[in-house]
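Before any questions on binding or motion, here is one chain by itself as structure tokens, the form predicted alone.
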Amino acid sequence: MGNTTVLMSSPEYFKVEYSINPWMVEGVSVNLELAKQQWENLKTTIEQAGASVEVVPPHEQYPDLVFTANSGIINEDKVLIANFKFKERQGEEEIYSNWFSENGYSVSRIPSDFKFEGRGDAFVLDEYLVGSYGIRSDKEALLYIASEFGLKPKIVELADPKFYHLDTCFQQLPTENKDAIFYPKAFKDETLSEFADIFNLIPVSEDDANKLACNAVVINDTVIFPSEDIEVMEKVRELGLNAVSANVSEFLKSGGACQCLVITLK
């Protein structure tokens, strides 16, 4: 087991009261008690896979604070905080900035003109910044981050508003040859050729993609999918990994699944 630590935020105030992606139907009914149970189950599943969980306290004004993946991008003890595209989420920036500062991170911001939504659209892998742009994050933001962190940018353009962040349509798996699952039609370049020299790319079906199969959480050798009814789970097991599920159906109403609810700290 590794010493992975992740950050989550509890869903006491989670609801869908506005629409900022195609999944969100303004005013849709969220079963809050079920959402709390699903969140707790995901947290427990993460802990059982060998990770520790830190929690950002919820805030009544920000129902999407629960999606901590969008808080920023982390490189060792440095964090660049998100610049959210939509005003409904922009108040989260100060909450996340304060949490990271209070927990020993060096916190910085990117230029305010550049929109960037954190781990949702980018992550650090060895000497690379792997990222996507075109819907919620700007290409200029990713290039700025790569420069700030001294990384080589490996970035691609998204094509479908339904798959509005990289983490909705791409997930690296914890294998030695860097297998990764992805949904081809989410990208302008459906072959994802920009990533092909780093990852062994495994496409998922449209059906799996619409269940947010790629929005899975990786903890050690465990991959946590948002439901059991996902075809690519069998392929993941064939790679020697532990594929499990944590149903997060209430959060899909807001366009988020397992990975959206988590950001890895270390």
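All residue numbers refer to positions in the sequence shown, first residue = 1. Given the structure is predicted, the values throughout are model-derived calculations rather than measurements.
The following text describes the form predicted in complex with a small molecule, which does not appear among the structures shown.
In the predicted complex, Gly120 touching the small molecule (heavy atom, 4.5 Å)
Yes.
According to a 4.5 angstroms non-hydrogen atom cut-off, is Ser132 in contact with the small molecule in the predicted complex?
So Ser132 does not count as contacting the small molecule.
My question is simply whether Asn21 lines the interface with the small molecule in the predicted complex - judged by any non-hydrogen atom within 4.5 Å.
So Asn21 counts as contacting the small molecule.
Taking heavy atoms and a 4.5 Å cut-off, does Gln171 contact the small molecule in the predicted complex?
Output for Gln171 is no: heavy atoms all beyond 4.5 Å of the small molecule.
Using a 4.5 Å heavy atom cut-off, indicate which stretch of 72-80, 182-190, 158-166, 122-130 touches the small molecule in the predicted complex.
Only one stretch qualifies here: 158-166.
If the criterion is a non-hydrogen atom within 4.5 angstroms, does every one of Asp64, Arg136 and Gly256 touch the small molecule in the predicted complex?
Affirmative, all three are within 4.5 Å.
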